[in-house]
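One chain is shown next in structure tokens, namely the form predicted on its own.
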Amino acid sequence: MKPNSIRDMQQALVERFGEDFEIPLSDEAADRLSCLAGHRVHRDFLDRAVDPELLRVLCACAMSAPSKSDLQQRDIVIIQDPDLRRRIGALMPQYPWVLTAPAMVIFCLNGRRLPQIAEWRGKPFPNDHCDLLFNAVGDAAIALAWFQASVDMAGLGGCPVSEIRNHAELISEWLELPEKVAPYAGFCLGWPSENGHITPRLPLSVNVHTDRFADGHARQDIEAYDCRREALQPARRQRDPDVWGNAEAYGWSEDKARQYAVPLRTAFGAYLRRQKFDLT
């Protein structure tokens, strides 16, 4: 147990959310939660391999995550083949850590397993509709989150790579994904070469509600968050200045508005249908 765990957790939450938190926990409990509160992004790694057995343990921790109705609709593909890794990295040269990270895995959502089991057990499967996909996405997302937490707790670092969904057809072909299995996100990991940084998040006043959804103050709270984040972590560049110009104040909301001002992954729904997911 680290000394002053409560203080460390409070400092991490102040940096994350810009407000003070009381921590009604023991030092031991705060020490465990500090890994989540103080999560940092890591994309630069030491030239040190990740032991395959450690990677297997991290996968086991990820698969220990909760699963909707114990359906277990998620899979992990460990990328070991150097040629496969190079091909994946070549698809996204803007993310050099896809090639330089010591290890990479890909999380997949699996809508195939339940229909298979129904067939094996001689049972009907009247649930081949959008809920099958929705449940599998949830299962994959929860496992990915547990994998990130496990990586952090083990002293490694890493980051998810959702860009693989921009190349879902090729990734599926290369990984030989069958029908009703689709890539959800990659994850690159290794031993961090630097401390990383805590990413400021929206204040809880925006996205934590009591009894009913209420976002009447969302705009002003997001604008305040923009100012705080720009002061702490100014954007390295502004998106599409040739289209939108250079904003005098360029906060998180301006960046996200620009990011989603162009169509993104418009073919992904068609890809899912080709993978035999029913979206109705």
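Note that residue numbering begins at 1 and tracks the sequence as displayed. It should be emphasised that the depicted structure is a prediction, and the values quoted were computed from it without experimental measurement.
What comes next is about the form predicted in complex with a further copy of the same chain, which is not displayed.
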Quiz item: Here the chain is shown alone; which of Cys130, Leu170, Leu91, Leu99 has a heavy atom within 4.5 Å of a further copy of the same chain in the predicted bound form?
Solution: Cys130
Exercise. Although a further copy of the same chain is absent from this view, report whether Gly196 comes within 4.5 Å of it in the predicted bound form, heavy atoms only.
Key: no
Quiz item: With a 4.5 Å heavy atom cut-off, would you call Pro183 a contact of a further copy of the same chain in the predicted bound form?
Solution: yes
Quiz item: Taking heavy atoms and a 4.5 Å cut-off, does Ala231 contact a further copy of the same chain in the predicted bound form?
Solution: no
Practice problem: Classify Arg212 as contacting or not contacting a further copy of the same chain in the predicted bound form by the rule of any non-hydrogen atom within 4.5 angstroms, answering yes or no. | Solution: yes
Quiz item: Quick one: which residues from 5-37 get a non-hydrogen atom within 4.5 Å of a further copy of the same chain in the predicted bound form?
Solution: Met9, Leu13, Arg16, Phe17, Glu19, Asp20, Phe21, Glu22, Ile23, Pro24, Leu25, Glu28, Ala29, Asp31, Arg32, Leu33, Cys35, Leu36, Ala37
